[in-house]
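Here we start with a single chain on its own, the form predicted alone, put down as structure tokens.
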Amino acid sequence: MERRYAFQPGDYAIGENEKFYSDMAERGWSLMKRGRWLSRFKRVKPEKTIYRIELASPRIFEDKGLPEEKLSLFEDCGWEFVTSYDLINVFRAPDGSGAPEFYMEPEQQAETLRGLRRSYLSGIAFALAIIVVYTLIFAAMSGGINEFLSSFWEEMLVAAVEETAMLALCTLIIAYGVWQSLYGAVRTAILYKRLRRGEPLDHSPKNRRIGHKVISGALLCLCAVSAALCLVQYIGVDRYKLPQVSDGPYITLEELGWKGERDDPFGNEQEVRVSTSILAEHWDVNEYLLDGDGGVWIYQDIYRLRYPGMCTDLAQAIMCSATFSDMENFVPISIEGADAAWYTRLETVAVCDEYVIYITYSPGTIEENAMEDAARAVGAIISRVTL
């Protein structure tokens, strides 16, 4: 193998990066290119090589590379320019070549950290700004900040039940990015203060930063596990054409006494979708019948929770994020076999043992007997899940 890749220390770890590249050269791997997370090396004869990193410190919207005159000065002093990525510029020289250090005074090198520190702080500020902007937008759309926060957490609960692994993966990725940015900003600030106090940069540090590595490694491992679970759930999704007679914990319109031809005017496939997350099994069913002069349609979301204690919370979350109604429009109704049930014009939510049932049902006319029709539909589903 003539080439290899290896994870490199973060941009904030200047001394660690210099030691990392020197150690690789001593083992016979010469740096070719530095990327965002990985560095590429080529096989060479083992040799003792000194590496040094110079940080670019551009102003906003300026090129991040070093000025040509600075590159020429370093080369004239015996330093070979190797590669650069973002603000990091890597130079090397043979051990014992006599190439002078970039800075004789630590205070001078401290000034080069301004760009790196600004980069970390800008990243954190940008992330916070995006969160604030989206919060304000959705708050305005939701009728206020209180309404937004309420609906947000309710929708997150529904998402956690349906896509547990995906939500966990997204959360962990965000957590990893925030952790790395905060850690980088703190490390850069500490190094800046030390250099300003006149302490020279340690080009061969012994501190392995075990705490940071453990936390970062744990987050990455959890990301990998969550990604694997996402893949398993995606592969395990079962989709099939809706049968005339239910083969699961749902009901068909024919079983409710409706006759007609299945034909969705919106072009949706009338199918059953069964998925399994960490927290629940989920049946997602839709059906539309042409019946006489009008249409009859029903959408069903049936959840079988692994932790029945979550059923009431999930039912409340569904009502808060319902398609056609607000939470305050749902009224309690009595349905045989249900532990609790709530109804509004088109939607009904019920809890039965470890099941949460959510149907959106339009039985031709929604003016008369709509509540009775909905209760009958939910009752038919409950009779199936309690068999």
Partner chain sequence: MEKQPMSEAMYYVLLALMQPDHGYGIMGHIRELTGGRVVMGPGTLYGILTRLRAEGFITLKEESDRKKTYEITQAGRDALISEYRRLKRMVSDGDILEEVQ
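Positions refer to the first chain, counted from 1. Please read all numbers here as calculations on a predicted model, not as lab measurements.
The same protein also exists as the form predicted together with its partner chain; that form is not shown, yet it is the one meant from here on.
The partner is absent here; in the model of the complex, the one residue of D86, E101, D313, D95 having a heavy atom within 4.5 Å of its partner chain is E101. This chain is drawn without its partner chain; in the model of the complex, the residue among L71, L242, C223, L157 with a heavy atom within 4.5 Å of it is L71. Within this chain, P67 lines the site of its partner chain in the model of the complex, having a heavy atom no more than 4.5 Å away. At a distance threshold of 4.5 angstroms between non-hydrogen atoms, D76 is in contact with its partner chain in the model of the complex. Its partner chain is not drawn, but in the model of the complex it has a heavy atom within 4.5 Å of Q108. Of the candidate stretches 246 to 254, 271 to 279, 181 to 189, 76 to 84, only 76 to 84 has residues with heavy atoms within 4.5 Å of its partner chain in the model of the complex.
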